Ligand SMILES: Cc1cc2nc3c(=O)[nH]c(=O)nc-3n(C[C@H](O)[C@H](O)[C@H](O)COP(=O)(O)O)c2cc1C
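As a starting point, one isolated chain is supplied in structure tokens, in the form predicted alone.
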């Protein structure tokens, strides 16, 4: 059965370094039969600036966000696919706000019972991939930490492609071997065994 991969691209640029990495990764994954959907989070229509901490999602039987906007179906897809890819440029040692907006609303995909000390999520066993690029060679370790910790906490496999010294928007296309690395990661993720 072919893998279902959802890519959340967090760049406001449609042809920059992040978009290029996403396209290369998707090309590699599709070459191995994966079904890939790319969502450009900067262009979704939102009703809030992020998770509002209303906790209404914790009262629902299912895993969904109660804020009815274009992020809501994206979050629902995250619960169903095999692989979630988050791609972002480095902005002040972190992910872009355009990606963080959806990342924070993943809260709705978890159910906590604080009294029992338990957590349930449909994300367990999936793969989380982070792809990120930086103009220079500083900050990618800080950016990757929340994603790696989220994967560990959630019981997800984690993989990343962090590209230092990627240059300004579009320069990554001239970085030797980068297309091959992104495509290889896409192929590897598409072929990985399910748990």
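None of the values given here were measured: they were computed from a predicted structure. Numbering follows the first chain given and starts at 1.
Although not depicted, the form predicted together with this ligand is the subject of the following passage.
Novice: In the predicted complex, which of the listed residues (60, 149, 168, 142) lies with a heavy atom within 4.5 Å of this ligand?
Specialist: Contact residue from the list: 168.
Novice: Could you tell me which one of 175, 13, 181, 187 places a heavy atom within 4.5 Å of this ligand in the predicted complex?
Specialist: Among 175, 13, 181, 187, a heavy atom within 4.5 Å of this ligand in the predicted complex occurs only for 13.
Novice: Which of these stretches, 151 to 159, 52 to 60, 132 to 140, 33 to 41, has heavy atoms within 4.5 Å of this ligand in the predicted complex?
Specialist: Correct option: 132 to 140.
Novice: So, in the predicted complex, is residue 99 in contact with this ligand at a 4.5 angstroms heavy atom limit?
Specialist: Close contact is absent here: in the predicted complex, residue 99 is far from this ligand, nothing within 4.5 Å, heavy atoms only.
Novice: Hey, in the predicted complex, does residue 85 get a heavy atom within 4.5 angstroms of this ligand?
Specialist: Residue-level check for residue 85: no, no contact with this ligand.
Novice: Is residue 91 close enough to touch this ligand in the predicted complex, meaning at least one heavy atom pair within 4.5 Å?
Specialist: Close contact exists here: in the predicted complex, residue 91 approaches this ligand to within 4.5 Å, heavy atoms only.
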